[in-house]
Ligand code: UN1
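Quick heads-up: it's one chain on its own, the form predicted alone, in structure tokens.
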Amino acid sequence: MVEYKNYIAGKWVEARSGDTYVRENPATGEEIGTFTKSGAEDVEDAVAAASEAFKTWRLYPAPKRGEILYRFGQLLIDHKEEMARMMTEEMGKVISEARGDVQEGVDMSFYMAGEGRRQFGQTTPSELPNKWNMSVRKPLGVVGMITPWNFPVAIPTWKSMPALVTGNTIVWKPASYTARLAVKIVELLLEAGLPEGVMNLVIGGGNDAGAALVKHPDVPVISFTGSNDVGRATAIECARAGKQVSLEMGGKNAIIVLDDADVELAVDGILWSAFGTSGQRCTAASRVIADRTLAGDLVDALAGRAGGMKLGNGLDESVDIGPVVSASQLERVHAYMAVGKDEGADLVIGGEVARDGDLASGYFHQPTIFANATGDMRISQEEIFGPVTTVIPTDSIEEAVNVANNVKYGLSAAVYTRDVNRAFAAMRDIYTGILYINAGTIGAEIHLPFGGTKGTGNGHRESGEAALDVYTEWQSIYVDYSGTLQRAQIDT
């Protein structure tokens, strides 16, 4: 097997401890490779390299930084099929979705490359004569980047592209499940011309490498995507040290289907949003809030379609749903089957671990639909992160919106209606970072801000121009060329 190593200060190196781990394909159980397993001492080396590289990278002309990002985006296009197959083998999503994951990396690279010639500040008139006012963005330094396994190309590019184009250097701790793709991304960045030390890769677990990165005094900003428990602990550590931190965490996203909706269109959106990536998206539609007059027919249509979805190895183009990422995640998902039934929801379809034939070698769970649930049930409140959705009947748009808002998360929501007035009322009243009208809860585009409210995040956003705010500080500059002492706000 290939052994995958850290990339620190321009060299591929093993962890100082010599420890390694093996990653297996979640669909087949076949071994993918051996990976170095890093600790605090490796993070120390990587931060030192990134700190040294920052001295020159911050002075590298921003348009030239953008050109490197353009070349990287083109390399992603050139290697798209290879990386998509690697992704499916590492974390299980079906090949068409894996291609889309890589494409999102392409889109983000090209978008942020353009920021090499923008990164606009402001010029304003002064209240005093012969005085010039302006503002500029400045990089923060070393960025600690901690990324999850469910979007192993898209999310790292969401973070690294704005960080790099604004002149920061990076120490990246990827998810252990998808470290092979992280190595490939670094290889392509180097091929695109990124100087040594600007990007440093440290492979290892969150308790060791991740925690050391968060606590390191020479890392002024942390960008984290992952679970709420780890995210909150990360925020506490960063607050102690006075660090800037961007958190992107969980979701419990709802699709509202009103009584005037195009039900067939809604069924398409629900199935794609609930079972795409085997439900392992922070934007997955794990709740369906349906008007009571059509809830029964909607459930029947969903169950009929879900029952025909094919499980299997995502490299098979005919497969609809791949495995969940690990044995522990499969166990977690399946535990909610008993929870839902005990709470009184109706298990309409699914509910079982799939072990027939070739599926026995992987971590497969049947697509599952609960019906006749209430908004306060655990299956309606807690993030399951698997191919499970719950249908909750309601009697009005006001009740539906209240149920949608009544969770601790606020990432994504969707509303199906033909009534423009009710659509705008929903846009006004639903409190999520992302909202879709007559589409599912997934499919965000990279030129708009991505992120959520409440327990989903801490107010920062990935993607779009808003992402630049995570990786830069504003500096206001005043140039007085009057030749005299002028005192702002002082009466004369």
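The numbering used is simple: start at 1 and walk along the sequence shown. Because the structure is a prediction, the values reported are computed rather than measured.
Omitted here: the form predicted together with ligand UN1. The next part is about that form.
Peer 1: Picking from 441-449, 36-44, 425-433, 63-71, which part of the chain touches ligand UN1 in the predicted bound form when contact means heavy atoms within 4.5 Å?
Peer 2: One stretch meets the cut-off, namely 441-449.
Peer 1: Would Asn150 sit within 4.5 Å of ligand UN1 in the predicted bound form, counting heavy atoms only?
Peer 2: Yes, contact at 4.5 Å.
Peer 1: I'd like to know whether Asp208 contacts ligand UN1 in the predicted bound form, with contact meaning heavy atoms within 4.5 angstroms.
Peer 2: Result no; Asp208 lies far from ligand UN1 in the predicted bound form.
Peer 1: Is Asp320 a contact residue for ligand UN1 in the predicted bound form, using a 4.5 Å heavy atom cut-off?
Peer 2: Contact check for Asp320: no, nothing within 4.5 Å of ligand UN1 in the predicted bound form.
Peer 1: Taking heavy atoms and a 4.5 Å cut-off, does Met87 contact ligand UN1 in the predicted bound form?
Peer 2: Although ligand UN1 is absent here, Met87 would stay clear of it in the predicted bound form, with no heavy atoms inside 4.5 Å.
Peer 1: In the predicted bound form, do Ile155, Trp158 and Arg281 all put a heavy atom within 4.5 Å of ligand UN1?
Peer 2: Each of the three qualifies.
Peer 1: Considering ligand UN1 in the predicted bound form, which of Asp291, Glu115, Glu104, Glu343 comes within 4.5 Å of it through any heavy atom?
Peer 2: Selected residue: Glu104.
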